[in-house]
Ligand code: GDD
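Coming up is one lone chain in structure tokens, specifically the form predicted alone.
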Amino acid sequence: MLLRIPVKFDRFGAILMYDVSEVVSLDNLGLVRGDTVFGLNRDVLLDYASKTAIVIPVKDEDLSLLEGVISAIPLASPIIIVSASSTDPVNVYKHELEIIKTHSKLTKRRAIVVHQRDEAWNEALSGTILEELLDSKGVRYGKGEGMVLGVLVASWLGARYVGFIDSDNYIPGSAHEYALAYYTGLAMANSRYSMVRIVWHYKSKMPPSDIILRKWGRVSAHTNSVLNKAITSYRRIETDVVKTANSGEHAMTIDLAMSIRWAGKYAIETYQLVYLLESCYLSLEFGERTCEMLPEGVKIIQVMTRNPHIHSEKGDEHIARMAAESLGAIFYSSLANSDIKTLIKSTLIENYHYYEDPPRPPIYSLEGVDPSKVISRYLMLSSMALDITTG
């Protein structure tokens, strides 16, 4: 893969956020030299892939979609499936396990499968700061909650990087492209604290009879706009640099993943940026110095991929909830003055018929958590987890 080297960026305190870097070529085979593009040779690409664990959150998706996403991820990367799928009356989770077993038997890929509602989490997380994830039946439902578990497993595996790819993707080629963008973008950033966030070239929903390749999803367009306006209100210089506030497809260094705070549910992707802006911009420019990523700071690379992102349609109620939870990450932050809060409320009313204040997201810290102890204990206690080390 070749990425155009971004020349424009905005600095917010200790954060460098680069404007969109386009995928110039999906394959850099044959490139001799490029001054304005960045790519990895085969050996370096393989090294980054082997050090990157790919987390796939899944909840009752069509099994063929999950199989397609798994097949698209380069085999050098271990995969971590974090499932919140049903076990009753139909045991969807059992079928997911069979898919992973078959895939790993054929490919010899390292794979870990865990279930959010596994009661073994209650004992594994007991006594840690992550007890807040739990209810009586395991880890609470929520995309953000599942991603926290994925980070813990990735760290336990010894991965240097962790990437996230959603399971509701009809185009396996796009999932493959995301993985290549992660490896290449992380290498281009070359920082202990770095993140790669995907901008979809086009996005649409199924069914096929209604496919329109749109540049922005509804929620993404609104959240990007609100977050840029919130930053502008502090900076007093207008910015539109944020293009990935709702990027479900993103990757980061394990060092960054273990240092930031994590929001629950669908607030997760937006809150990553909100947390960094609060702790490494506002606190440095307008308050006390609390940024944990100093002195190096944080680099955020935004990559526009070529494949369209086509996913399943989940209805207006689902979209409204996603928008409310995502915008709630901004609403309850120190980025939101009264004007921004008013903008968020009007955005939810006018576009989603959502008339309440957005929900306050639950926030989780990984500070002091030892992933090796937590995950080793969980796997020892669990009758639901699957750890395939040899295929």
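Note that the structure is a prediction, hence the values are computed from the model and not measured. Note that residue numbering begins at 1 and tracks the sequence as displayed.
The same protein also exists as the form predicted together with the ligand; that form is not shown, yet it is the one meant from here on.
- Every residue in the set G146, H311 and H318 has a non-hydrogen atom no more than 4.5 Å from the ligand in the predicted bound form.
- Shown alone here, A84 lies within 4.5 Å of the ligand in the predicted bound form, counting heavy atoms only.
- When the ligand is considered in the predicted bound form, P361 lies well away from it, no heavy atom lying within 4.5 Å.
- Contact check for E292: every heavy atom lies farther than 4.5 Å from the ligand in the predicted bound form.
- Of the heavy atoms in V58, some are within 4.5 Å of the ligand in the predicted bound form.
- Just one of N307, T253, N224, Q116 comes within 4.5 Å of the ligand in the predicted bound form, counting any heavy atom, and that one is Q116.
- This chain appears without its partner; in the predicted bound form, the one residue of G138, G297, G248, P78 with a heavy atom within 4.5 Å of the ligand is G248.
- Comment: 138-146 is the region of 138-146, 272-280, 185-193, 87-95 lying near the ligand in the predicted bound form, near meaning a non-hydrogen atom within 4.5 Å.
- Along 162-177, a non-hydrogen atom within 4.5 Å of the ligand in the predicted bound form is carried by D166, S167, D168, in order along the sequence.
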